[in-house]
Ligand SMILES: C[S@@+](CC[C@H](N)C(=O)[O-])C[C@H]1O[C@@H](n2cnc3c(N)ncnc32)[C@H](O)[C@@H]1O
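This document opens with one chain alone, in structure tokens, the form predicted on its own.
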Amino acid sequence: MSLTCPLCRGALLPAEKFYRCEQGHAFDLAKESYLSLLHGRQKGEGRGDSKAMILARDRVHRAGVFDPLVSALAALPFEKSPRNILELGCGEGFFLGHMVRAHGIPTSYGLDLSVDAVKLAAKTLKQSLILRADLLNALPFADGSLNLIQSIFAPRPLAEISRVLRPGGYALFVYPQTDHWQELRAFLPLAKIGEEKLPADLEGFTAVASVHVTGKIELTHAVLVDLVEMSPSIHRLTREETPWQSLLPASLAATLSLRVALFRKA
């Protein structure tokens, strides 16, 4: 077991309905079967994406909007199938589940801050251990214990990723390009796509693959609503009481534009 206690960094081992370390720190498995590693003031239902955002994301994924990305992930050129995987910001577990099935990965972990995300992920991914934790803290895994870490539209704590990956392990990042959903942006003042990009030469890593996943996707009004609802822009639109749903067209052909970058740790 590679899981570590967030309080003392000792090994965290399962014991019936909770996990405990040698120092006696214990963390209960929730009735939904996820493991919360939050403690003290970190706890709280309102942290991370809301239930409405998570359900909107789930509907978008079920509608097949990101099928081109799923195909690209299934075609990733691993030298051999990773023995374990951790997804940072796993949401409801859609991409984690696809990676596990496509590459036959026997041990899988998902990590998210949103309680609604981990509840749904734990329900959907029965074979995965889903963790509620904050990416602002150290990853709850031992040094050099993981084979593959993926961050898909999520933060990329590079120092921590490098620490917990074994030599020869893989880091997988997916992030939007500047023209991603540009047609949708013509209708609503959505948040700008971040300018932060991964360097081609990531220190301590070798680039294995870099794929531009792009194409025009036909989106119905209902899917457009969900795409906005699942995005960080929904907070500002709601706060400003923007009648954003009425501003969206009945349908739209929009550009999906993503970068898939796979690196291998030296």
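What you are looking at is a predicted structure, and each value in this text was computed from that prediction instead of being measured. All residue numbers refer to positions in the sequence shown, first residue = 1.
Heads up, the form predicted in complex with this ligand isn't pictured, but that's what we're talking about next.
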property: 4.5 Å heavy atom contact with this ligand in the predicted complex for all of R185, E229 and W244; result: no
property: Candidate stretches 97 to 105, 185 to 193, 113 to 121, 165 to 173 - the one whose heavy atoms come within 4.5 Å of this ligand in the predicted complex; result: 113 to 121
property: Contact label in the predicted complex: A154 to this ligand, heavy atom within 4.5 Å; result: yes
property: Distance check, L136 to this ligand in the predicted complex, heavy atom within 4.5 Å; result: yes
property: Partner proximity in the predicted complex: G204 to this ligand, non-hydrogen atom cutoff 4.5 Å; result: no
property: 4.5 Å heavy atom contact, I54 and this ligand in the predicted complex; result: yes
property: Residues of 241 to 265 having any heavy atom within 4.5 Å of this ligand in the predicted complex, listed in sequence order; result: none
